[in-house]
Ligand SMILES: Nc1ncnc2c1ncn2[C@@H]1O[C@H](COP(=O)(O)OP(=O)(O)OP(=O)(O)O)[C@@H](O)[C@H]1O
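As structure tokens, one chain now follows by itself in the form predicted on its own.
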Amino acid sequence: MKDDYLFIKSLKVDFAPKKAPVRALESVDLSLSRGKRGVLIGPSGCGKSTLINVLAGLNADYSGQVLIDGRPPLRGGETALILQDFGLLPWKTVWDNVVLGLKFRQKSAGEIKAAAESVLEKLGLLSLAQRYPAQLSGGQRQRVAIARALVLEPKLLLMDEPFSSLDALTREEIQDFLLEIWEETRLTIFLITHNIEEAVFLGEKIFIMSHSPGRIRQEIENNVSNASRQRGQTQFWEMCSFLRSFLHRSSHYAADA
């Protein structure tokens, strides 16, 4: 535990506990070291998003132990969350979407300008700062969502199926881009996906979740993540095949990959 940045022990989450309780998560145990990339994969409805909401500090109604850098999850703070639909406000420009969190944190105008310009330039978005989300491609919207997270300088980046709405080529491009960000920042990243190839490409540690109520059935140390060149290698496809077989055997999981 002392070496784990992300630590979960015996986590249980129920819905509607005052009526007819439905257990969403059952005795979840999970740990991830600082600066590592963890990927959670499992069947629909198994509680993956419930778990990430707990980590993001959006749901404090649980039992068990959940620690991020030794402390219970807090909304905001050193954790950033990117959602499946990117979470962009359609009536705000790229610039206004990116600086929103900084304004909530009551940063000065000078601090906001410097931080936003820096991250937008780094992500190739500065020339698009006055456009609205509807005027952007899917890949560009995803970059804006990442920019809005990175501008807060988080230590933990949570991602809930962030690439599911992208076409295959754009998805691979953004996956490569995420790895470039990780190599530069060494953020701790915890990502949910339904896509087996994505899990193998991005996850240094892969967690496989059971059907509801969700629990961690298997942890896999993955030594074929990290580099785009791995996509075409035999070891990469062997790991994908192993993961697919395990998912089918353990939970009759139908992957979309």
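All residue numbers are counted from 1 along the displayed sequence. This one's a predicted model, so the numbers in the text were calculated from it and none came from an experiment.
Another form exists, predicted together with the named molecule; not displayed. Remarks below refer to it.
Between the named molecule and the residues Ser44, Ser33, Gln65, Ser27, the one pair within 4.5 Å by heavy atoms in the predicted complex involves Ser44. Just one of Arg231, Arg217, Lys205, His194 comes within 4.5 Å of the named molecule in the predicted complex, counting any heavy atom, and that one is His194. Annotated contacts: Val22, Ser49 and Glu161 all touch the named molecule in the predicted complex [non-hydrogen atom within 4.5 angstroms]. Looking at Phe15, you'd find a heavy atom of it within 4.5 angstroms of the named molecule in the predicted complex.
Partner proximity in the predicted complex, defined as non-hydrogen atoms within 4.5 angstroms of the named molecule, places exactly one of 217-225, 65-73, 196-204, 49-57 at the interface: 49-57.
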